[in-house]
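Starting off, we have a lone chain in the form predicted alone, written out as structure tokens.
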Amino acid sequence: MRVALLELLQFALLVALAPLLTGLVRKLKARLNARIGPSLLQPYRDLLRLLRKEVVLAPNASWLFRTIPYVVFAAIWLAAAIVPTFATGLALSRTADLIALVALLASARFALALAGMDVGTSFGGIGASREMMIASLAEPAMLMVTFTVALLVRSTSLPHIADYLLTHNVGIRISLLLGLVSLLIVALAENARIPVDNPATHLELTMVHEAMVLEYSGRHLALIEAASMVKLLLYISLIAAVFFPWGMARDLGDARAVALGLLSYGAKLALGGGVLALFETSIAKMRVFRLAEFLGGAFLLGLLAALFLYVSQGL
């Protein structure tokens, strides 16, 4: 019963903290640019405003266009829920696998690309093609990071990976450092952040994610925006669970350990949001044609990480 309640708590935390994380990143970026910036609660207000608005659909929009926002939000929410946040050994631990995580994210991406092409607008088609181009480079890089961690831990289970790093003296490994950098690059690309895309602008010639959702409005757009917020929280949680699992509760019956896990998880989210804001204010967006080189570097780093770990274990 306690395990089920803690799992429900994790589900609720993901939805509750995702807009706050987005608000924190926006606030810190504004402060770094010498501006006051919006309130931390502004993303909550934006979602509520969209939920109250009427849905406007294009005349040629199919049932697929109306269904996809619910599919995308459910897939990303479930993907975020299988990532250990404040504790290991929750109800979904048996399904918390890195391969399953990649599959859920790929399903959400595929559905959103279909939505971008469904109405038949030029912007939707451009955004869908760019999204698939980014995915074709980001997914292999993420799989190489998965293989690197699996070589070390002998498992792709996320709770097992976190437990292994908590209980074993792994030490400083160049392979894990390369895998971390590769996963950070993938996270920037998957969340359409600078230098891949600028979430604060709507430039037709450069946007990727926004081009696919231009035709959405009302509650449909609210679900898409909420899904993107949860996805950002998902990647920060994934990086924390795989590379920085310290503070996670391993004994779910210990209330003090669970409380410490919640506090450490909040601190990791705040630190991740701060690092993201600092990075985005210190770098410019790159040209679309250079994204292949950027993500190709992530794949190369992931490949080198797997090779270094394999050779070091063979020796």
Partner chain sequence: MLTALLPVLLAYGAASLSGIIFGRRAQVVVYGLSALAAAATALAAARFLAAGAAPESALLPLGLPWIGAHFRIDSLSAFFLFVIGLAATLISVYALDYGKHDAEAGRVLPFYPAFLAGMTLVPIAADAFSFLVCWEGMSVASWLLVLATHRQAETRNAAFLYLVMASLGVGALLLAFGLLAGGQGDYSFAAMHGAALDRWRSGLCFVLILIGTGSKAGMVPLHVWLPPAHASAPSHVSALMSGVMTKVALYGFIRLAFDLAGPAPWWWGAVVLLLGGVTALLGVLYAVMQHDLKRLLAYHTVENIGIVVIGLGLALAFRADGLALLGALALAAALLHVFNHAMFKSLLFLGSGAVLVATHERDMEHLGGLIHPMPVTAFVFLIGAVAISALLPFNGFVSEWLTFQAIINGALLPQWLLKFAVPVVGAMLALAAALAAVCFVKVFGTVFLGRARRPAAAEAKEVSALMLAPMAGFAAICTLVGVVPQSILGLVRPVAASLIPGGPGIELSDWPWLAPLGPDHSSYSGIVILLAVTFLTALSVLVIHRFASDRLRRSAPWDCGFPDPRPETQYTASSFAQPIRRIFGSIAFAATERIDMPGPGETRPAAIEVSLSDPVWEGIYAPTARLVGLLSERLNLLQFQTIRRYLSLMFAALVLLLLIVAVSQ
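None of the values given here were measured: they were computed from a predicted structure. Positions refer to the first chain, counted from 1.
Note that the form predicted together with the partner chain isn't included here; everything after this is about it.
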May I ask you to check whether Tyr70 falls inside a 4.5 Å heavy atom distance of the partner chain in the predicted complex? yes
How about Arg35: is it within 4.5 Å of the partner chain in the predicted complex, going by heavy atoms? no
The partner chain contact in the predicted complex: Leu104, any heavy atom under 4.5 Å: yes
Just checking whether Val55 would be counted as a contact of the partner chain in the predicted complex - the rule being heavy atoms within 4.5 angstroms. yes
By the heavy atom within 4.5 Å rule, which residue out of Val181, Leu166, Ile239, Leu151 makes contact with the partner chain in the predicted complex? Leu151
Sole residue of Ala257, Met286, Val275, Ala61 within 4.5 Å of the partner chain in the predicted complex, by heavy atom: Ala61
Okay, which stretch from 25-33, 276-284, 248-256, 47-55 lines the partner chain in the predicted complex, with non-hydrogen atoms inside 4.5 Å? 47-55
Can you tell me which residues in 145-174 come within 4.5 angstroms of the partner chain in the predicted complex, by heavy atoms? Phe147, Ala150, Leu151, Arg154, Ser155, Thr156, Ser157, His160
